[in-house]
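Just the one chain here, laid out as structure tokens, in the form predicted alone.
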Amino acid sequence: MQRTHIVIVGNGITGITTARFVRKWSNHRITVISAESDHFYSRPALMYLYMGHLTYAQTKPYDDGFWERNDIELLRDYVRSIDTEARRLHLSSGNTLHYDRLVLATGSKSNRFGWPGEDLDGVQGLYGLQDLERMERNTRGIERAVVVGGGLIGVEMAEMLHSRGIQVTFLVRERSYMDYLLPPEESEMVNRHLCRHGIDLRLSTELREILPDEAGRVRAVVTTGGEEIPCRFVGLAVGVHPNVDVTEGSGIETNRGILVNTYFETNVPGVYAAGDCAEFREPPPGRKRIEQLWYTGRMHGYTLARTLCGERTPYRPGVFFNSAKFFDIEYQTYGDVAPVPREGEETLFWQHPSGDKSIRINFRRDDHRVLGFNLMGVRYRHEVCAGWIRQRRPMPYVLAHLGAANFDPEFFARYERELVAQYNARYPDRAVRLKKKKGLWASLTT
């Protein structure tokens, strides 16, 4: 009996998660195509390659023999076009490949905004392995760099360059770092932390143009305020957009991304899209039309694999979560934490006197039901926080059991008592007593 051939374009977290679970649940033939790398690697680990903390081999979650042992074919090539009538891919190598089911997991591309000089030598974004290799070449022996864009990639590039002793000027359009996402206290904490590490942080500052030297390499940037800042490298970290190039002329519908329903089905039967490149026609409640996070890419792949294996399954993402790192400060967020509490919401916020640790819990004013957590420099367990939000636990319950969420190492200081004291001072009629820490299982089941 001929096996169904599933072809996956893209070997990032979404494509590989799809392949792994299709293999786990079926005997389908699987082919993964990538033009970027022979094997799957951890894209969030790119910065640690540059900083010398990891080797490339250490960023690969699976050894190179894993794919053959699991009967997953890997093809290093680039898909030039899709013939959806004949169910055939045309590749850069000149070969063609037939599919029964096609999964597009082509990821994102770095944004550019048409700045004068953005194509000069020494100017680049950071998304994949080839970008990292270019950054190695572009920053060799330089003393000054400018990073443009106040998101997570921007702060990663600043840390990477700083680790090599390169003086970094960081242009951020917003009045405070990520103030469109972080509450004022957390945003200000990151501002202070960047400056403490010697980053020349320029808030409310945008790029106007990039100036060349005689050889056509960047020599300086000019801001919208007219200031000229000398540099030999410019990192453009102004976001990404879905990579939909492969769909051109195929009849697969796109908007900003490849349009899909909650089953990741496109308008063409047998063709699916998931991960950064996909755009939901109707997103799940509380979610964006395009999700470009590592963990959502994994959830997309897991859900899609079920459908490909015969159990048609809608995407149900559950409680939102994400994590990041701003130099030494780890950041975790669970649930819904708006930069400014909405009508009917309250926030309980504690900050360490050092200014580099904080805990925030948002909750409803009427019944004190917990909505979300923000942790800076303090680590809480994902499964515990998400469980409390999902179970609609009220603040008195959550604060009483808060010790169960903390998973900082044993001898680290803990700050649950300070948070409980704040709550009791504000709401003496709901005073809480912190319970002795229980095990993880007890906290999930009581």
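Counting begins at 1, following the sequence as shown. Because the structure is a prediction, the values reported are computed rather than measured.
Just so it is clear, the following notes concern the form predicted in complex with a small molecule, a form of the same protein that is not shown.
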item	value
Contacting member of 293, 211, 97, 142, with respect to the small molecule in the model of the complex [4.5 Å, heavy atom]	293
The single option of 46, 378, 389, 395 touching the small molecule in the model of the complex, heavy atom within 4.5 Å	46
Candidate stretches 255 to 263, 355 to 363, 102 to 110, 188 to 196, one within 4.5 Å of the small molecule in the model of the complex by heavy atom	102 to 110
Full three-residue contact with the small molecule in the model of the complex, heavy atom 4.5 Å, for 182, 348 and 372	no
The small molecule contact at residue 22 in the model of the complex, heavy atom, 4.5 Å	no
Contact of residue 243 with the small molecule in the model of the complex (heavy atom, 4.5 Å)	yes
Contact flag, residue 159 vs the small molecule in the model of the complex, heavy atom cut 4.5 Å	no
Proximity of residue 127 to the small molecule in the model of the complex, heavy atoms at 4.5 Å	yes
